[in-house]
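Consider the single chain below, provided in structure tokens and representing the form predicted alone.
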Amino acid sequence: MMPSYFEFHCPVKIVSGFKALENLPYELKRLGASRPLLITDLGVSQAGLLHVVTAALQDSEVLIGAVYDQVPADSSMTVVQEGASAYRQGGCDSFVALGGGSVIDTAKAVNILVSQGGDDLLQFSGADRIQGPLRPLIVIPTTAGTGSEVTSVAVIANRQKRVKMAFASSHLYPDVAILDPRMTVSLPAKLTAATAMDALTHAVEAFISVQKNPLSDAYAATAVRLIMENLPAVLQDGSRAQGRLALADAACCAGIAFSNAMVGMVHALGHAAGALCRIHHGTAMNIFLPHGLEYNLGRRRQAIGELLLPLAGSEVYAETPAAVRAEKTIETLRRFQDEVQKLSGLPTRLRDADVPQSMLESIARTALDDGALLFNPEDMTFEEALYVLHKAY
């Protein structure tokens, strides 16, 4: 059922393809930037990807002002403050974020501090609390999952309160996203699987969200199809550059979809499990996704059934009676998860991800405060959240 009114926005310029990274000097110059802070993490740096970026900047007028490579898997307020200090000490005028979701979110948060002034990130937490434009930001994803390169959101951990703080503003959209398969070709199979299932969850939840619309549906369906068609082959042979590029495009499409349609209960549960138990976000998405579809069957049966087309292809979709397409969608997803698990070892249950059963009640309570639930088709109580968690355990 389509809305009678909707808004759709994606101001990010997307540069995608083989050797797309060579466009970096031009894009920085176009934005009036010449001395970026390069934000990344030690894993990316040790994988040699930093050298690919610096090589792309050779023979150009761009000079990297400073490099901050201490971003952890889950960034925190302390990390953001350190990044802001590196920016100021390096006399930088812009940002290049080279990494996954944590690196990109860190760059967005550092940009808030240096553009708005001060060191108190808390005052900008929430929606639309950032005034005025930020400094130029170009992102180069090294994973194909988060979609942070095209979203207006950043998530930063508050270690003292043991919660993840969300920042949402149209000013947080990056200026440019560069998708180059060289950036993901060295990603291990398990992390490739986890990030791809994160992207798949973005697409699926956007497709059934209360805020879905025809444009977000188009991006979501494309993302689902690309992941289903390319992930198994990439897990079998990680050097498949064409497949890597397809997964990067899929993550980008899914990011555009959920940035406009938002996500739901799968993300609420995943955010809570990640904050309390440090479970990798993509792993949590993989575990909770089929349970989220089952939970929302009552209100989103038709939309879930329509997902069968990008999930399984036109022949399966045509052969399946409309009345049972939703169940076929969930069945297809679970079979796909089993295939991914065999190829990568990605867990499909909470117990296999080392989540203590004693933490389930705390996860349920924390999830109820997550803003993603506002866009979930079905309401959720503590008892219902706990029930889903026990099913996923």
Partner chain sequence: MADWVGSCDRVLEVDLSRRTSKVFHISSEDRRRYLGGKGLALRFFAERIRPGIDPLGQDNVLAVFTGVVLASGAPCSARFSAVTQSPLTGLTASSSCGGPFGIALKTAGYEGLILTGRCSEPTLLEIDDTGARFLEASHLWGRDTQDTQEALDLSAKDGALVIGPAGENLVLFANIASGHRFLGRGGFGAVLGSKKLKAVVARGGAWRYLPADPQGFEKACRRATAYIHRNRFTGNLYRNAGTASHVDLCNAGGILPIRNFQDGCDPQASQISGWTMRERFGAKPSTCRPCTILCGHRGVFSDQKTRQLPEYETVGLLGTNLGVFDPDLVALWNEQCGRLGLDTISCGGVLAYVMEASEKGLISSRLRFGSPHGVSEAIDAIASREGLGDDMAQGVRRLSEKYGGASFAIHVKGLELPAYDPRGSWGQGLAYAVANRGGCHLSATLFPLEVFLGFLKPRTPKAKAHFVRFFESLYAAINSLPTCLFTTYAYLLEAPIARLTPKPILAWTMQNLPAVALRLMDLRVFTRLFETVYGEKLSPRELLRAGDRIIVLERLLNVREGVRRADDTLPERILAESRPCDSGASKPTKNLWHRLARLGCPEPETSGENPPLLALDPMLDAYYGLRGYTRNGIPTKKTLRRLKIPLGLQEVSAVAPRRAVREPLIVRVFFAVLGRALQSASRIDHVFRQELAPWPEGFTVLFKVLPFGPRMALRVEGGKRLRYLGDTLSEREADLTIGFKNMETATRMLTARLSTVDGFAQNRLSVVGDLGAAMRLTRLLDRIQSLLYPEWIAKRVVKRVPMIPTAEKIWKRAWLYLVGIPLGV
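Here the structure is a predicted model, which means the values were calculated and not measured. Positions refer to the first chain, counted from 1.
This protein has a second form, the form predicted in complex with its partner chain, left out of what is shown; the following refers to that one.
Of the candidate stretches 46-54, 362-370, 345-353, 321-329, only 362-370 has residues whose heavy atoms lie within 4.5 Å of its partner chain in the predicted complex. A single residue from the set Arg240, Arg225, His171, Arg299 has any heavy atom within 4.5 angstroms of its partner chain in the predicted complex; that residue is Arg299. Among heavy atoms of Gly126, some come within 4.5 Å of its partner chain in the predicted complex. Although the partner is absent from this view, Tyr295 contacts its partner chain in the predicted complex, with a non-hydrogen atom inside 4.5 angstroms. Under a 4.5 angstroms non-hydrogen atom cutoff, its partner chain in the predicted complex has Gln211 among its neighbouring residues. For the chain shown alone, Glu384 is a contact residue for its partner chain in the predicted complex, at least one non-hydrogen atom being within 4.5 angstroms. Annotation for 329-345: no interface residues with its partner chain in the predicted complex [heavy atom within 4.5 Å].
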